[in-house]
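Structure 1 and structure 2 below are the same protein chain in two forms, each given by itself as structure tokens.
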Structure 1
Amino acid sequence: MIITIDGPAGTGKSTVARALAERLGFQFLDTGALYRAVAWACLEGEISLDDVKTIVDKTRQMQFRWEEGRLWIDEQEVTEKIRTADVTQGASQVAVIPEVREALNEVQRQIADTRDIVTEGRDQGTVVFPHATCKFYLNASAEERARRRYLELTNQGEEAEFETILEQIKERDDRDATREIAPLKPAPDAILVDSTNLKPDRVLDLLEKTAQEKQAEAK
């Protein structure tokens, strides 16, 4: 069974997807990590993010291994390395390249093949797994998402400015939602969940209950 969770950055999607998978005894796939890995490989290899042909060739050659929430590229573990601000910006740039998306869609389908999985991204219910048993679209206001990110950074002792974070979030939302290929939008049959005023545990309970109902219906 495939459960998809799509939505913009900062909605708590990853945390919820991981926890939901754990509760249900499913695997979990963070597809943003794959886009991040491509951007990371470009930055490492000094490939310009404007050099589409080289980026596409590189993506097709990369060997991805995803296990228990950790990612390896060509046998090198990159799980933490792909979380920097440069990689975050780069990922949203490589994500607009159709050939990169096609190659990564294939990787995602291979990872999900024959597994019970909760997969999380932007286009899981719309493009990659249109026949998924259960689809969610998680959202929250840009201000609330910026507030959560701001708290996360300052709690880690990092310097952060709320207005800058809010601006970056809006910029990234805009790029993800207006791109021509696989823009960020809910699948017609997705269940919409707004987490602006909900605690993470409430979101999780809601998703778990719905997923169990869908699972029972599908039997």
Structure 2
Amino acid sequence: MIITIDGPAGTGKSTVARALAERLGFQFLDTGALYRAVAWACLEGEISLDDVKTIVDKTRQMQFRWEEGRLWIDEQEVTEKIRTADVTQGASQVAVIPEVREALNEVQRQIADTRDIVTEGRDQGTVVFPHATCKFYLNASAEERARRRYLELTNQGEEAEFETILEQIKERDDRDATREIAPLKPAPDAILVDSTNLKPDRVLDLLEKTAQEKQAEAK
């Protein structure tokens, strides 16, 4: 069974997806890790992140293996190696290359082919897994998402301005919704969940109950 959770930045998709997978006994598919892996491989191979053709060729040659939250590339485990700042920056660059997205979409489908999976992102239910058994679209107002981010940063001792964060979120929402490749939008059959006024545990309970109902219907 495949469960997808899509939605804009700042809605807590990753946290909810991991927790939902744990509750259901499913695996959590960290799709962002795949893009990080491509960036890591390019940096390791001294491939310029502006060299689109070589990046695409490299991505298509890579062998991915995903087991219990651990990622191997060409038989080398990279789970921790792909978490550096340079890799994070590189991942955002390779993720906008259409051919890379196409190749990694297929990798995600192969990983999920024989597993019970919870996966999150912006196009999981619309592009990657259009036939998923259960699809959620998690949203919250821009103001609430900015408030959460502001509290997260200030609790970490970092300086932050609410209005600046709010503006950044609105700009990213607009970019995600209007981009040519896999624009952010709910799948036609997605269940819409507005978490603006809901505590995280309430959101998780709601998703778990719905997923269990969908699982029972599919049997």
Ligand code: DC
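Between two forms, the rigid core is defined as the largest C-alpha subset superposing within 1.5 Å. Counting starts at 1 and follows the sequence of structure 1. Here the structure is a predicted model, which means the values were calculated and not measured.
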Checklist entry - Form predicted on its own, is that 1 or 2? => result 2
Checklist entry - Is it the case that residue 150 and residue 65 are in the same rigid part, with the chain moving as two parts between structures 1 and 2? => result no
Next on the checklist: Can you work out the angle, in degrees, by which the smaller rigid part turns relative to the larger one between structures 1 and 2?
Outcome noted: 20
Checklist entry - To one decimal place, what C-alpha displacement in Å is found for residue 89 between structures 1 and 2 with the rigid core superposed? => result 7.8
Checklist outcome for this item: Superposed on rigid core, residue 34 CA travels between structures 1 and 2 a distance in Å of 3.9
Checklist entry - How many angstrom apart are the two C-alpha positions of residue 43 between structures 1 and 2, if you fit on the rigid core? => result 8.5
